[in-house]
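Quick heads-up: it's one chain on its own, the form predicted alone, in structure tokens.
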């Protein structure tokens, strides 16, 4: 089911994500997905996340679909030109995959194949336009598609806590005009900033699902502060992670922080996107504690 259909029905949409393996053994990915079966509306499948080579997300989406999950096909512009992007989109439609997350993609220098050639033939905005053209029955060259045109639910990302915020709002508006129908956000640890962001984007009229990355360690929090644009983990949360090392090591502190953040922000938005980074077994507890 399309995520926006759930929003129209008044549902608070909960999604999570898994990463395909660096190989062809899907046991770990499927094991992680089972933890959240019945607890989330859909599962994002990452696409060579952080520019690290893994199994293709489309194949992983197809496997999840066959197992009874609703996948969200994340597709980035970093590794494909417009021919390959359109081919994968048509393949996704053939597999019955409806939900997309359209991304420009992390740069090659962040990953494990630093000599690879980045493509970036399109960006996330022009990719959204590309999907819209396919839905109209034409490819980007203006050629008519054979048979029924595909129909998707198109998502994109936004960073609500970026400073300055105006460039994010400008890009968000461009994505909406290109056909994007929902947004999953970068990780948010500052509810006050998120509330201000939501007030400014209310006029756009599209669902926003707030992103939650479960904090595992103090080092992880500091790394994000130093290296991930648009994310700031406040000192108060870092001190909370420091307070009881055993509790943090077990994951309980991260669970409590995540649940508290969702409780604080769930009335501001239309859903939550969990990014557990391998801690999928903790997602049900987080959602239970958050009351969603």
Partner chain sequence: MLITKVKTKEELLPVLSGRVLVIPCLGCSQSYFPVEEFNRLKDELKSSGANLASEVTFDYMCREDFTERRLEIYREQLEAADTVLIFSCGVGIQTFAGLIPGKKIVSGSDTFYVPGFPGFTPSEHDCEQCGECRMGLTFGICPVTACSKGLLNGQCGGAKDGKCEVDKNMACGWQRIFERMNALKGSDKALKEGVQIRDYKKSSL
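Residue numbers count along the first chain shown, from 1. Model, not experiment: these values are computed from the prediction.
The form predicted in complex with the partner chain is left out here; the points below concern that form.
**Student:** Looking at 187 to 195, 147 to 155, 172 to 180, 88 to 96, which one sits within 4.5 Å of the partner chain in the predicted bound form if you count heavy atoms only?
**Tutor:** Of the options, only 172 to 180 has residues within 4.5 Å of the partner.
**Student:** May I ask you to choose, among 58, 41, 231, 257, the residue with a heavy atom within 4.5 Å of the partner chain in the predicted bound form?
**Tutor:** None of the others qualify; the residue that does is 231.
**Student:** Would residue 84 show up as a contact with the partner chain in the predicted bound form if we use heavy atoms at 4.5 Å?
**Tutor:** Taking the distances in the predicted bound form, the answer for residue 84 is no, it never comes within 4.5 Å of the partner chain.
**Student:** Taking the partner chain as it sits in the predicted bound form, is residue 113 near enough to touch it, meaning that at least one heavy atom pair lies within 4.5 angstroms?
**Tutor:** Flag for residue 113 set to no.
**Student:** Decide whether residue 131 counts as a contact residue for the partner chain in the predicted bound form under a heavy atom distance cut-off of 4.5 Å.
**Tutor:** Close contact is absent here: in the predicted bound form, residue 131 is far from the partner chain, nothing within 4.5 Å, heavy atoms only.
**Student:** Is there a non-hydrogen atom of residue 226 within 4.5 angstroms of a non-hydrogen atom of the partner chain in the predicted bound form?
**Tutor:** Because a heavy atom of residue 226 falls inside 4.5 Å of the partner chain in the predicted bound form, the answer is yes.
**Student:** So which residues in 80 to 115, when you check the partner chain in the predicted bound form, have a heavy atom no farther than 4.5 Å from it?
**Tutor:** The stretch touches the partner through 82, 104, 105, 106, 107, 109, 110.
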